[in-house]
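Here you get one chain, nothing else, as structure tokens; it is the form predicted on its own.
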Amino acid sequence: MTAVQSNSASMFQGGFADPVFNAQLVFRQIMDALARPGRVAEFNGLANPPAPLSPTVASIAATLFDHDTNVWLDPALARNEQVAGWLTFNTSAPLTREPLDADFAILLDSGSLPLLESFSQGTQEYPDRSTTLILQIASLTGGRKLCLTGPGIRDVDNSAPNGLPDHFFDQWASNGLRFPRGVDVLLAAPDGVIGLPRTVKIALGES
């Protein structure tokens, strides 16, 4: 097989082995992660996309994206024809270049995270029309300690995702001030997913 044939094949392989069962499993885990912020939802190895898209992010995409959802990819992913082709083939979701038009956004390089307010914030009447950001990070452990409080958290949840830039936390505080408008975030790593709905407040712990 030539390199061109191999690259083309990678666009059409690596989806869910059992689309209905796998999608139901991932959907339940994502909903639980958003309802219980800080809880790690796990669904490893269900999809096998082209690099650098992670299996975790690919599983989320294969579950939540469809032909009615506009998807924005960060520049690193948008330039990758195999990743864009895989997403289009496996989800039928149209890709958009405009963050404000995106129902979902996938970001590989969290260090180059755009301003959260550059994505759709929803409206006072329809806050659910905002963008959900899927941030691919290195790990859900080993980073700076975060103290999460808000709905769905009984007391304080301590998480330590590894790969979030420092400017994310100032942006997140501003995001909360726009409630009920604002974006929601899924932190996706090889070890699972943590949901950050806009209602969650984050306080930084010790480095």
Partner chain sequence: MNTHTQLATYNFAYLDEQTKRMIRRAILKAIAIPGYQVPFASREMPMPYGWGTGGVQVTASVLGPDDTLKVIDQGADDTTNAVSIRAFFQKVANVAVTTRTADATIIQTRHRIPEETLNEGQILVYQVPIPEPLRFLEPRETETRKMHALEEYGLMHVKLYEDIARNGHIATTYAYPVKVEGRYVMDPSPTPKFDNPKMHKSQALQLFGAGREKRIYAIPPYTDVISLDFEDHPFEVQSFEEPCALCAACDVYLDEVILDDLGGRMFVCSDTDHCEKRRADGHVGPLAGETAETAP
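Computed from a predicted model, the values in this text were never measured in an experiment. Positions refer to the first chain, counted from 1.
The same protein has a further form, the form predicted together with its partner chain, not shown here; the description that follows concerns it.
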task = Decide if the three candidate residues G38, L135 and K145 all line its partner chain in the model of the complex, where lining means a heavy atom within 4.5 Å.
result = no
inquiry  = Please pick out the stretch from 162-170, 49-57, 27-35, 135-143 that is in contact with its partner chain in the model of the complex, where contact means heavy atoms within 4.5 Å.
reply    = 27-35
inquiry  = Please determine whether E42 contacts its partner chain in the model of the complex, using a 4.5 Å cut-off between heavy atoms.
reply    = no
query = Should E98 be classed as touching its partner chain in the model of the complex when contacts are defined as heavy atoms within 4.5 Å?
reply = no
request  = Report whether the minimum heavy atom distance between E81 and its partner chain in the model of the complex is within 4.5 Å.
outcome  = no
request  = Answer for G176 alone: is it within 4.5 Å of its partner chain in the model of the complex, judged on heavy atom distances?
outcome  = no
message = Just to make sure I understand: among 111-133, which residues lie within 4.5 Å of its partner chain in the model of the complex, judging by heavy atoms?
response = Q124, E125, Y126, P127, D128, S130, T131, T132
